[in-house]
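Have a look below at one chain only, the form predicted on its own, in structure tokens format.
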Amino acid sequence: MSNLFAPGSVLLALLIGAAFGFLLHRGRVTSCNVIENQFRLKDFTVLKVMLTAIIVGGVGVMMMADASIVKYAVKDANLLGVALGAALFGVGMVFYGYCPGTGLAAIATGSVHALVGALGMIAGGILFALSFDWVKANILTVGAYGKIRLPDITGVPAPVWFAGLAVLAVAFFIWTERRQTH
């Protein structure tokens, strides 16, 4: 029974995924209207949820790495690939009304249109896999800096980066709350 919840077990992954989906739903980001209104700059719920997740998750990973529980798996910094991927991701979010995580959580709430969009994500993933050799040769080589992190290239420790991000997030949260109440 104890192996069911061991790190890396399928059951543990399902439980964490279910908890994540539940929190997305409670955060109201399983509604395509909330996500679309983020892009219309009318509702900043998505950005608030994401900033909170980035800060909490980042600090958690940083603390586990400092305690030697996990090791950082730093990916190559490919600026053109990231820029094109971010643009494609954003356009896809606008048309779909969800990001991949919120789309799957919306499916769990019974959203049929989220299910149709998820099939589109699968098709897009297949197309990307089929074109990856071309992408690797022609896109990932532009602005390729290897495995780097902001603390490594700036000399500013990770805790300072997260503290700065947290301060900016809190200022943003205060600004959006004041903006929505006026």
Partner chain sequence: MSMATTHEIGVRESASRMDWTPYLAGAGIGVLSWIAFAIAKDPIGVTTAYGRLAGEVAIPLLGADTVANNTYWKQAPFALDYGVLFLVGIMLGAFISSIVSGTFKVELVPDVWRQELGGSVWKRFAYAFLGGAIIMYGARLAGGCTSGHGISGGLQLAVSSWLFLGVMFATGLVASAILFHAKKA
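Predicted model only: the values in this text are computed from it and were never measured. Numbering follows the first chain given and starts at 1. Each form is matched to the other, and the largest set of C-alpha atoms that superpose within 1.5 Å is called the rigid core.
Keep in mind that the form predicted in complex with the partner chain is not shown, yet the notes after this line are about it.
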*At the 4.5 Å heavy atom threshold, is residue 144 in contact with the partner chain in the predicted complex?*
no
_Contact flag, residue 167 vs the partner chain in the predicted complex, heavy atom cut 4.5 Å_ = no
*Taking heavy atoms and a 4.5 Å cut-off, does residue 171 contact the partner chain in the predicted complex?*
no
*asked:* Can you tell me if residue 137 lies within 4.5 angstroms of the partner chain in the predicted complex, counting non-hydrogen atoms only?
replied: no
*If you look in the predicted complex, which residues in 15-38 sit within 4.5 Å of the partner chain (heavy atoms)?*
16, 17, 18, 19, 20, 21, 22, 23, 24, 25, 26, 27, 28, 32, 33, 36, 37, 38
*Core-aligned C-alpha movement of residue 141 between this form and the one not shown reaching 2 Å*: yes
_Large Cα move at residue 73 between this form and the one not shown, threshold 2 Å, rigid core_ = yes
